[in-house]
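Just one chain is shown here, as structure tokens, and it is the form predicted on its own.
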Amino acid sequence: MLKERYREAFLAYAGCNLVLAAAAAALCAYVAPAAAGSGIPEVKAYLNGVDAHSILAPSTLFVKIFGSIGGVAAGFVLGKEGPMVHTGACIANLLGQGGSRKYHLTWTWLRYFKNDRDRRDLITCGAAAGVAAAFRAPVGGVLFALEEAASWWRSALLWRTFFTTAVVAVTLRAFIEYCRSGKCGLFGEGGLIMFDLSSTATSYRTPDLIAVIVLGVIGGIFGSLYNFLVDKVLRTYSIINEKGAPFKILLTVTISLLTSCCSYGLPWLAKCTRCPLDLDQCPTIGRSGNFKNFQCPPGHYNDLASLFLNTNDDAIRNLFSSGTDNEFYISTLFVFFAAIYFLGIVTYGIAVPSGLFIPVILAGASYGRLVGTILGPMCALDKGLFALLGAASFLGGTMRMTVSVCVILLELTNDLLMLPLVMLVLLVSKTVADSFNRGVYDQIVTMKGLPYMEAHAEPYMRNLVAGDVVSGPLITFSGVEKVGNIVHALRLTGHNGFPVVDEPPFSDAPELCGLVLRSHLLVLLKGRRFTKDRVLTGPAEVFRRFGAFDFAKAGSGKGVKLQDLDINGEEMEMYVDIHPITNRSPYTVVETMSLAKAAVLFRELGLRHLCVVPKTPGRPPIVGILTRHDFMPEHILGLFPQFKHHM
């Protein structure tokens, strides 16, 4: 560029981007497809109770880290913040199960998290740590976990996430101090406050409040449109991605070329601007800085290149900067907003770890500054503050988060005086956007087919009862069951829980004893403590053979598998007492209970199985089992299509 060899400069720029993009896409396509995208919808689904394969696997963690580095360095319009949430959750999962046997990364000294709740809590802390590290916003991380990630919350989890993010803040501070002398490249610039606006004098009047409400309405409209277009693009990309890994890489390379053409080509449309007189060095020569010379004569800078060809952090810093009313032309802000809006939509969904926060903040800040420039004569607010409010309005319109986004933005900018205006613009934008569609993460969860349970029941569930939707046929075990029957049931079904029914001579009449899990049955069968006669052996025999740790929740890929059992024909005819490993107090509802109430109970208690018992005596002691699948709209509307008009 300095030697005016512009064609060679573009080839070098686009070529570097292409290599980095292809490397990140190859990692995603061949090693861990689950690492593509932001990962927040997957973490949100996991914390809702969806234990999908490979969401938090070590391979996903590896690809998430190095794929994010490649994607950000390739100049894509994406952020590293969403992937950092997923990265934090993956690290927490790895620690919670004591490492990975498959990759020979195990720590016997590390305490195993023996149940679903403990592991969920640890992964919630990991997600909060990801936000705290990405935005240097520890309190924002706690509130993000509360508002967006976790489905179950309690007071103990509050202080655990707070402790985690406090450690993140201390660690970040230590690294920033160490890197202050430039040892770590661009890391640490801005300190813990990335975009400090505290020096701006903030005073506002009634016309300013009207301008803020207008920004909120614009943010709500643009945000809902953004979500609609992201959904359409993701559905289109899924058709391409299903054709295999080479097509994923080809799509990523195509978007990389498009991004390079836009970020290199569009600044040619901008006019050159004379440098401010109070600056010693303009334009900035080097890797980072506010002003880019591009093709301008000495003493001038290209304002559009200063947005496109800077790091994301520097571009946001430029837009948020105060006292720079004439730094950007209206045409520049309009072109940059249109390009970032469009590129952000087409980039999300390619086979690269990609977050939505940075594209949304960039687009929101650009139209916020644009509105501030247009309304300049009427409003006393600084253009940089308009950019901050624009970013808040767009975040509210796309993600529908309020409290956590508000605190994250305040921690990013250190401008507490803006709190009332940020609150107002977030509430207005969320209210406007909610009238069109749902938040972007909720849409992606639905599109990926993850069986996510909402906090509220659908209206048509009030017209149904629990007995209407139980799936059959029901498979039950006796308290002392033949080994062959258990093996046969485990082989033919994928059920993870089975009711245990006691019958004479072990009880006076058939009665529900409890619920036994597949994983516990496999451990029991592997122990081979069988009897030739159908008799009770009692818990003492089981406790002598097994420790409590044997029945703890195994890490991914670590539990006993059905194929691990080597049971011969003689043992198939023997019996085993399953009373000691049965949950004697499972949650039950009567078959006439409202399905809406059962759905709320199922979600609030974080259940996997809910037993449905008969209302009248003289019938079998259990009608069926409700699982997450039975509460899904697809299942219910498949059974009762007449309720589709209630959707």
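Given the structure is predicted, the values throughout are model-derived calculations rather than measurements. We number the residues from 1 along the sequence you see.
Separately, the form predicted together with a further copy of the same chain exists; it is not shown, and the next lines address it.
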**Message:** Just to be sure I understand the contacts: of Gln563, Asn568, Ser181, Ser203, which is the one whose heavy atoms reach within 4.5 angstroms of a further copy of the same chain in the predicted bound form?
**Reply:** Ser203
**Prompt:** Between the options Leu517, Met574, Cys275, Ala166, which residue brings a heavy atom to within 4.5 Å of a further copy of the same chain in the predicted bound form?
**Reply:** Ala166
**Asked** Within 4.5 Å of a further copy of the same chain in the predicted bound form: all of Val407, Thr592 and Pro617, by heavy atom?
**Response** yes
**Message:** Which is the contacting stretch out of 396 to 404, 71 to 79, 242 to 250, 370 to 378, given heavy atoms within 4.5 Å of a further copy of the same chain in the predicted bound form?
**Reply:** 396 to 404
**Message:** Residue-level question: is Pro586 within 4.5 Å of a further copy of the same chain in the predicted bound form, judged on heavy atoms?
**Reply:** yes
**Asked** Contact between Phe551 and a further copy of the same chain in the predicted bound form at 4.5 Å, heavy atoms?
**Response** no
**Message:** Is Asn312 part of the interface with a further copy of the same chain in the predicted bound form - any heavy atom within 4.5 Å?
**Reply:** no
**Message:** I'd like to check something about Leu512: if you look in the predicted bound form, is any of its heavy atoms closer than or equal to 4.5 Å to a heavy atom of a further copy of the same chain?
**Reply:** yes
**Request:** Pull the contact list for 402 to 420: residues with a heavy atom within 4.5 Å of a further copy of the same chain in the predicted bound form, in sequence order.
**Result:** Thr402, Val403, Cys406, Val407, Leu410, Glu411, Asn414, Leu416, Leu417, Leu419, Pro420
